[in-house]
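Just one chain follows, in the form predicted on its own, and it is written as structure tokens.
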């Protein structure tokens, strides 16, 4: 029995609220149980210097945890004067995941910045951030289509992410903090809505695990991401053909 009482393949209660931030071009409050991440998208009519005059756009991300998103206060990284390696790794993961399903040429010479701010942390903040960031990105790019800035939506697929791990010998989906901190193995699975692999980060925390166990984790992740894709469509008020 999991601490939450969930079945091994069950996600935490999901909430994806598009349009949460009034002033952002796209936004989503993404909640997996007690992990809450506010994702906002900002469109800029410029690209990084290395992309100038190359006829394509860019999608990038920033990630941060609010001081009281956890049980004890964590100092703001800005106050320390530098980002941690963990923060840099996560925001790079979010950015490259979103770029993998974005037609950067169709975006034109503009940049979309995705800000992912963790309001409450209970495990899986990077997977919640990616899932919510896609909704924010979709909303922002849909706005560009609506106002005639670009002709078609430059998204080739949807994308979502979920954590899966082995806890007390049992493969389970969508780990909360209690499970994550005691897992024998855990992984972050980033897949498209159609089931294609974008990135998998899977690590043995206490002892090696078998290929068969990995296959079980992958199947749990694929099922979970299929469910998350449905939540994303509902948040964006889309049918499967327009997601």
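Residue numbers count along the first chain shown, from 1. Keep in mind the model is a prediction, meaning the values are calculated, not measured.
Unshown form predicted in complex with another copy of the chain; subsequent notes refer to it.
Judged by heavy atoms within 4.5 Å of another copy of the chain in the predicted complex, the contact stretch among the candidates 112 to 120, 162 to 170, 146 to 154, 128 to 136 is 112 to 120. Put simply, residue 178 is far from another copy of the chain in the predicted complex: not one heavy atom of it is within 4.5 Å. Though the partner is left out of this view, residue 16 does not reach within 4.5 Å of another copy of the chain in the predicted complex, counting heavy atoms only. Contact check for residue 55: no non-hydrogen atom falls within 4.5 Å of another copy of the chain in the predicted complex.
Although the partner is absent here, residue 219 lies within 4.5 Å of another copy of the chain in the predicted complex, judged by heavy atoms. Along 4 to 33, these residues reach a heavy atom to within 4.5 Å of another copy of the chain in the predicted complex: 22, 23, 24, 25.
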